[in-house]
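Next up: just one chain, as structure tokens, the form predicted alone.
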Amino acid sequence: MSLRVALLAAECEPWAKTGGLADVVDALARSLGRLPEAGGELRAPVDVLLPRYRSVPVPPDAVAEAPLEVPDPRGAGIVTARIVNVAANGYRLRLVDVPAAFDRDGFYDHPDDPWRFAVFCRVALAALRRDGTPLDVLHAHDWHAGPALLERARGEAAGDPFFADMAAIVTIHNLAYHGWVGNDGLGQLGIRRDDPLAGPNPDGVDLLRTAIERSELANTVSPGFAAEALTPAFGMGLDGTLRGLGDRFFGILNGIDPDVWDPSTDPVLAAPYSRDDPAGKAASRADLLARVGFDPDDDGPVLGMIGRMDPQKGFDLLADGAADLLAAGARIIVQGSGHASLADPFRALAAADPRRVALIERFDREMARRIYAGSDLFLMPSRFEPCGQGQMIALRFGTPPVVRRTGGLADSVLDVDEHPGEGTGFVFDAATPSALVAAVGRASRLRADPVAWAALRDRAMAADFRWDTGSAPRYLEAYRRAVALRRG
């Protein structure tokens, strides 16, 4: 069987990114093309369809296809679009260029988002149809691709052969975002309240639920979070829907690209280092501390935290525990942006003690790499975490993570006390400042033993989360299964 696969997503690194979704889409698409077992089975390259937002750069060698015209979901004539093909690293990036929908500031949070992503999906499917080769697997990512499943259902009902054998899998990266469309917005999707496509909810359409219910398979990005998502506490109102899928819902742990995240070749770092030769990590630490105005000669543990400032991520746990951590000799470096109420405490701490607390309130790729490399510990006290990549990157950079036991964090970090001789970090249970402080305390006590600490760092850097050997083969298996389910 030779499978043609297309990924539909709202983000893809490095063209459009706000979080981990972008990293996953890019890394998965690249890895699928490298799988030896996919030779002859996947028609290469796989397609990644992405909205052409205003901020997305178009390389000079990009190739624009002839214009496409599709019916406007709102029933107001037609929408004219271009598909711009960009040669990516192992896959074909196809930018869906609809200026009326995407030539704006920001990716999300526009009042007509349902229409924007309905147009994206409609144009993407029209482009795939125009290629003349049947599409075997539609891989939808998060709610933004939900309208594509409505299009498939609409085409099925009309007997359109293009959709007859097309299998679908939806990957849920963050169950907290559903793409809810109230009844007053259904027209943006091209749906009436009495349309069977609107589903049973009398108040509107949940696009993520729609994608889950109308796909052959659904997965989230770690086995741990897949289990949590089946409970009311973590299912975000969709736990019943997910339970109803039985074994058609599962978790595949995300990975990282070890070539992208490699301290031995990273030009941003003050000195290269590796598992075999870790000496350069000390220079990276000194460089980081000098850049943020800390004393490089102070041996107190440096705690780094990077992420979107959202209540999910546990920034408030660090802020509330900061006084105890600082009193114990730690120093804190935080990089992130988002909720002002979560940044305010760190702003105040940094103003009061700039030699011990630093806040970098922006998205800064290079500084993030310096924090991963130069910190002594990397903090991820998330209340829930579908997978997380920060802990994997920190391990790759030899910086033991301190994480809460949830989702993908629990799947990827082994506690040093629970797994003697195998542990790679420090895991705590309660989502409280005191539990975080206690975990950092355990780490600080181990750090006082240079031999034990060096062994921990060595185990951390040995952890293998590469896509090619872990996640990508699991997705290939899921594609085969989805096709088998679709075709009976």
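Don't overthink the numbering: it's just position in the shown sequence, from 1. Keep in mind it's a predicted model, so treat the numbers as computed, not measured.
There is another form of this protein, the form predicted in complex with a small molecule, and it is not shown here; the text below is about that form.
S.K.: Does at least one non-hydrogen atom of R308 fall within 4.5 angstroms of the small molecule in the model of the complex?
M.R.: R308 belongs to the contact set for the small molecule.
S.K.: Classify T210 as contacting or not contacting the small molecule in the model of the complex by the rule of any non-hydrogen atom within 4.5 angstroms, answering yes or no.
M.R.: No, T210 sits far enough from the small molecule in the model of the complex that none of its heavy atoms falls within 4.5 Å.
S.K.: How about L21 - does it come within 4.5 Å of the small molecule in the model of the complex, if we only consider non-hydrogen atoms?
M.R.: Yes - in the model of the complex, heavy atoms of L21 and the small molecule come within 4.5 Å of each other.
S.K.: Find out whether any non-hydrogen atom of K313 is located within 4.5 angstroms of the small molecule in the model of the complex, and reply yes or no.
M.R.: Judged by the heavy-atom cut-off of 4.5 Å, K313 is in contact with the small molecule in the model of the complex.
S.K.: May I ask you to choose, among N219, N174, Q188, Q335, the residue with a heavy atom within 4.5 Å of the small molecule in the model of the complex?
M.R.: Looking at the other structure, the residue within range turns out to be N174.
S.K.: Just give me the single entry in G388, G304, G146, P381 that has a non-hydrogen atom within 4.5 angstroms of the small molecule in the model of the complex.
M.R.: After the contact test, the surviving option is G388.
S.K.: Report the stretch among 361 to 369, 107 to 115, 388 to 396, 87 to 95 that approaches the small molecule in the model of the complex to within 4.5 Å, counting heavy atoms only.
M.R.: Heavy atoms within 4.5 Å of the small molecule in the model of the complex occur in 388 to 396.
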